[in-house]
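Take a look at this single chain, the form predicted alone, given in structure tokens.
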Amino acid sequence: MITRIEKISSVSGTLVLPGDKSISHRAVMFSSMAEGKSGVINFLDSEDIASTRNCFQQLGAEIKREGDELTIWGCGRNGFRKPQKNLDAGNSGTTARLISGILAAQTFESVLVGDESLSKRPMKRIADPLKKMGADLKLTDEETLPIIFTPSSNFHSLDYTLPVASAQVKSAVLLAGLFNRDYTIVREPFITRDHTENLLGLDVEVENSLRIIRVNENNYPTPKEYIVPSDISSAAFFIVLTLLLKNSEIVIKDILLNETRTGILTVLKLMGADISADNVKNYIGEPFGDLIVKSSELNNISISSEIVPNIIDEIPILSVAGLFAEGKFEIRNAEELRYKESDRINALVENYKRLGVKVENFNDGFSLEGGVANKSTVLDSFGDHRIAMAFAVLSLLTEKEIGIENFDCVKISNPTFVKQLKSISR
């Protein structure tokens, strides 16, 4: 099915976006692990979070929904039960990789599966450290899902240095470490999302730019109330749209402002964006506040390799900002983009080629320059929610006739995306 989104002249008003996806995943997981009643307020009601909820319900957690709030009765330490069927992570890499750290420590066998897209994504990166902890697990010959977990008699702690910038790998090891008396130590030479550490209240030391995180059974989750800030990755699409439209200004309420997630704001500000924060607060280690975004003239900049892990999910929409900014847009050191819901480098390059944009494909990124040349084009979302939303924003900025195949995949992270667009369109 082809979805067409027509150009608008400006945006204005206030947006209240759904809860952050990364924190929603973890809040559901930690509540399900804790013994007793927890609450999750402003959770993200998306397909990915539904996958996490379904997996933990199969493991024995009781989860009740009322509006944008969840009440969860968790199973406690050693309280999970053997699932009656395969645990299905759907399209969610976060679900699959984080729950693997928990399943590796259980005393029952389980099988973790995913949809066609997730079943192509690499899982060796989490399997390797878990095996070093003594976990008994088996991947496919292609080192992908399904994963078969078998109880291990020798599950132990680990001192592990992350070989890649991946919060999912880090979190899988930390969650596995919750089931051991001795400390598991993760040494992190890169900046990655720190929501797992924040929500578990873990101690973090820094030595010579190396983050050292320790965890053991004393850090096991207890019941609590989680208030989830709004998702900055979802906000990025509306931020870029507002910056590129004339005579536009919006306020986005209660957005997550964790410094491991605000790289997109840093890059856009260096490009000349008028973005400011107000009413900044802090809850369970996570800062959030209101973003005020105004129309701006943007200029492309050299994007440093150090910030790339911080902006990896926002690169599709950042490329749209780069297309309409002055100068050539180029992103390198972003090979991780090839292992998302789609090969996002190829997805972006293919779609920009269809638009008549001058684009170059690198192993670790891409570059583009020049405007949209082709009058009528059908683009492919490749079943990737961030690709679909990025090109929807581009469609709103041009007079060209642009259609997007399989736009419904936006439900993976933001089912109300189109409704939100309409609420601020003028």
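Sequential numbering from 1, following the sequence displayed. These figures come from a predicted structure and were not determined experimentally.
One more form of this protein, predicted together with shikimate-3-phosphate, exists but is not displayed; see below.
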**Fill in**
Testing 19 to 27, 399 to 407, 5 to 13, 414 to 422 against shikimate-3-phosphate in the model of the complex with a 4.5 Å heavy atom criterion leaves exactly one stretch, namely 19 to 27
**Item:** Contact assignment for shikimate-3-phosphate in the model of the complex, among Ile312, Ile250, Leu158, Ile301, heavy atom within 4.5 Å
**Value:** Ile312
**Heavy atom within 4.5 Å of shikimate-3-phosphate in the model of the complex - residue from Ser117, Ser296, Ser166, Asn198** = Ser166
**Prompt:** Taking heavy atoms only, is Arg211 within 4.5 angstroms of shikimate-3-phosphate in the model of the complex?
**Reply:** no
**Asked** Counting only non-hydrogen atoms and a 4.5 angstroms cut-off, does Arg125 reach shikimate-3-phosphate in the model of the complex?
**Response** yes
**Message:** My question is simply whether Thr94 lines the interface with shikimate-3-phosphate in the model of the complex - judged by any non-hydrogen atom within 4.5 Å.
**Reply:** yes
**Request:** Scan 353 to 375 and write down, in order along the chain, each residue with a heavy atom lying within 4.5 Å of shikimate-3-phosphate in the model of the complex.
**Result:** none
